[in-house]
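Read the single chain below, which is given as structure tokens and is the form predicted on its own.
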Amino acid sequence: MHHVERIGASTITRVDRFIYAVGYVVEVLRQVPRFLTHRRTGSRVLTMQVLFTGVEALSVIATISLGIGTVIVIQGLSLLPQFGQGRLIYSILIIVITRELGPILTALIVTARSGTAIATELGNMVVSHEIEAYSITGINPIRHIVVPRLIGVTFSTFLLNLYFNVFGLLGSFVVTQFVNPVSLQEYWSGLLEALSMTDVASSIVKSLVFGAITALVATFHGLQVERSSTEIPVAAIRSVGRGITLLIVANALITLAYYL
């Protein structure tokens, strides 16, 4: 009987948390247009978030994208010509880099870096009563603390995804000059022939959705810290774990919608 009661209580708690999370997301999205029309207070937070999430991650993104582009070209050019499908390498590059790996790898890097930092920062603000001070002085903490981070992370993820694509495709071109030299015109014409507007749209939608998920999950868990500073690392770990899970699910759903 006690086990049944515990299971029932656990289920109720999870339902309550889910409802609270949905309400949190709705409130954040409701505050976005208000921030955009009166962004004077949170403009510095937005700028710093873009600098940390976007600019400081450029080197990591460049290294990973160059490595992936190199591997695809080396493997593709060694295997595809054996089956008379040499030009298929362009379609593979577009599918792997632009449509799939670019958005999800960028989002995972942003989650690992910025998601952890945001959850930790907001957790510290809760423990030091800064969030409470905002509310007491009549400043909406969601509008001036959460929304700038949401916009900054989403915008940075979008730009980093474009950066990933450029470096991945440029890196693959450099490698082709050592493996199977082709002219720049031929290379880019092959890529443009394989690229479709659906590929571009899918990549853009994924980067925007993934950026929003990362920011919402990180801020939500950061604000869940209640009293002790020992809760902060727990919140950061949970934000990364649940953020990655939601990113993978969202990626699968968007990809499924692409093929329907």
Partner chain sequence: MDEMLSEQMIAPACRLTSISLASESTPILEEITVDFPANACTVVMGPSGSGKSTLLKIAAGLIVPDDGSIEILGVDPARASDREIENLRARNGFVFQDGALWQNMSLYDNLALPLQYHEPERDAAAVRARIAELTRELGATRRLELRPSQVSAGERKIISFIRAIVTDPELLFMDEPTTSVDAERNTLLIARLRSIRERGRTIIAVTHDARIASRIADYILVVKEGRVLRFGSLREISRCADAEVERILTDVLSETATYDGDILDLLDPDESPFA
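Positions refer to the first chain, counted from 1. Just so it is clear, the model here is predicted, and its values are computed rather than measured.
Beyond what is shown, the protein has a form predicted in complex with its partner chain; the following relates to that form.
In the model of the complex, Ser183 stays away from its partner chain, with no heavy atom inside 4.5 Å. The closest non-hydrogen atom of Arg99 lies beyond 4.5 Å of its partner chain in the model of the complex.
Contact annotation: Tyr90 falls outside 4.5 Å of its partner chain in the model of the complex, judged by heavy atom distances. Heavy atoms of Ser202 never reach within 4.5 Å of its partner chain in the model of the complex, leaving it off the interface. Of the residues given (Val179, Val174, Ala133, Val71), Ala133 alone sits with a heavy atom within 4.5 Å of its partner chain in the model of the complex. The stretch in contact with its partner chain in the model of the complex, judged by heavy atoms within 4.5 Å, is 30-38, chosen from 30-38, 63-71, 231-239, 210-218. In the model of the complex, not one residue of 199-218 has a heavy atom within 4.5 Å of its partner chain.
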